[in-house]
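So this first bit is one chain, no partners, the form predicted alone, shown in structure tokens.
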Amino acid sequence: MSDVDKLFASPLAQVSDFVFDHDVARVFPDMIKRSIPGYPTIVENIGVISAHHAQPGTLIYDLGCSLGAATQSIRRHLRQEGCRIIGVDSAEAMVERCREYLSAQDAMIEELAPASVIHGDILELPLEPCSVVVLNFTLQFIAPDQRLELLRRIRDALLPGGILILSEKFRFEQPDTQHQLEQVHYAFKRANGYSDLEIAQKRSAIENVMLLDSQQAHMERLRAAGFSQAYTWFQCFNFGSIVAHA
């Protein structure tokens, strides 16, 4: 079980850049549920979409898997024979807890697809042929000048008929739209129990770490990476998810 997120509840003399350390891993399920509108729907349907497109006997990647929510969802829905899931994350604290969650899932449900978790950098990881790749709120933490190359490597690794599921927080080109959706997002966080202090300090911690793109920029980059088709299958406020076909 995770703890309640109180990481930014007290005034901080200096707000450091956000890192996925043990403190964050401990409260992450609560943090993500109260911070990302539509997150449970996104995660559940990553499982549905992945299971629909997974090909028998193939590999599925969850890149930037954090605590493995997407991996667990895929395992619940997957019916194809012989598939294997590999989760990858660069934060050791997240990997440790992810392995615990997957072990608990194994103990509760029989005959799930095998899943393993690698502690590593997805920018350096050699990708094997695969039918599904998930980047669930991961690309926004990758340096902008490295995003296209990562997507190209994913596209090259995908088998014919394979897909990428890309979930991101979006930036909007129109200032009025951006402002309105930001304000609604803050209202969402207040409705979930975060104070204005917590919202402000979390924003300061993450603004230099999480660098956002517009939906148009994502679509253009996916085309440049060689994907044949891409569409937004879900959006709630300024958060959404895209399916891109190889």
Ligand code: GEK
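Heads up: residue numbers just count along the shown sequence, starting at 1. If you're wondering where the values come from, they're calculated on a predicted model, not measured in any experiment.
One more form of this protein should be noted, the form predicted in complex with the ligand, which is absent from this view; the next part is about it.
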item: Contact assignment for the ligand in the predicted complex, among 82, 144, 129, 120, heavy atom within 4.5 Å; value: 120
item: Location of the ligand contact in the predicted complex, chosen stretch of 73-81, 90-98, 105-113, 156-164 [non-hydrogen atom, 4.5 Å]; value: 90-98
item: The ligand contact at residue 137 in the predicted complex, heavy atom, 4.5 Å; value: yes
item: Partner proximity in the predicted complex: residue 227 to the ligand, non-hydrogen atom cutoff 4.5 Å; value: no
item: is_contact(residue 65, the ligand) in the predicted complex, heavy atom dist at most 4.5 Å; value: yes
item: Residue 69 within 4.5 Å of the ligand in the predicted complex, heavy atoms; value: yes
item: Residues 20, 28 and 39 all lining the ligand in the predicted complex, heavy atom within 4.5 Å; value: yes
